[in-house]
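In structure tokens, one chain follows: the form predicted on its own.
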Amino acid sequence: MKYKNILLTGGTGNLGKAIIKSGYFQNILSPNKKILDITKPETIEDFFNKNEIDAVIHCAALARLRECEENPVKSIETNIFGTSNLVNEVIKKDEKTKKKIRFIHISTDGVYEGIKGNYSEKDETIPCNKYGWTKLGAECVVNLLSNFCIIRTRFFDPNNIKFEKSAVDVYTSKITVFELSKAIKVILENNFVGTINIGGKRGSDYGAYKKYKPSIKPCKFEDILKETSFPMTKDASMDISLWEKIEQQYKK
């Protein structure tokens, strides 16, 4: 399925930049914050009135864990209210035009408790920090749409690994922004509606980063916790069997 115009929010972030540069998407509209600010409903309405939007890839979020802990109001305004404002406009357009705008929402593995790992889409969602809770709140809003996909994931930019050490005993299913961009293309063109885990095989943070930054040093989870003032997940790895099935069907 091809879309005439795809609205991308969060185009200046790591994932947004990768999506734009990937070449997977035609007719991407990525307005800056002066033109479309998800915390200001009037800017969203104005943009939708001036552009015929067929699909939305919603990447915009306050994602820094420390900032979410220290400024929960801003986190709520951006992650929950901002998503709500966007969803509200999509619902209005759907009702007016009698079409169903495709809505791809980038969520996080942080909605899971992050203790036992191998979380499936049907597992309980019990975030361990404020970031996770606000992203879970955003998911609730997105579920009000009729043509949506919530992607639970964890990603990183292999060309921009800023830290010098990483834990050998923290596990996730994280993938690169480039791999996630391609996955978003698959989901956008698929008719799947609901929530899906997208990632790679379970592995340590250290193992994921070492491949792209050989100089990175190993450490332990407890070492990371000593340097933070907020709770973090130790094993947020996900069951990605549903994604693997959809990906295989796409390749056929």
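Residue numbers run from 1 along the displayed sequence. Because the structure is a prediction, the values reported are computed rather than measured.
The same protein also exists as the form predicted together with a small molecule; that form is not shown, yet it is the one meant from here on.
Residues placing heavy atoms within 4.5 Å of the small molecule in the model of the complex fall in a single listed stretch, namely 106-114, out of 120-128, 87-95, 106-114, 163-171. Exactly one listed residue, out of I196, V56, I38, A183, brings a non-hydrogen atom to within 4.5 Å of the small molecule in the model of the complex: I38.
When the small molecule is considered in the model of the complex, only one residue from I224, L29, I187, A63 comes within 4.5 Å through any heavy atom, namely A63. Though the partner is left out of this view, R102 does not reach within 4.5 Å of the small molecule in the model of the complex, counting heavy atoms only.
Contact check for T12: a heavy atom falls within 4.5 Å of the small molecule in the model of the complex.
Under a 4.5 angstroms non-hydrogen atom cutoff, the small molecule in the model of the complex has T153 among its neighbouring residues. Mapping the unseen interface onto this chain, K33 counts among the residues with a heavy atom inside 4.5 Å of the small molecule in the model of the complex.
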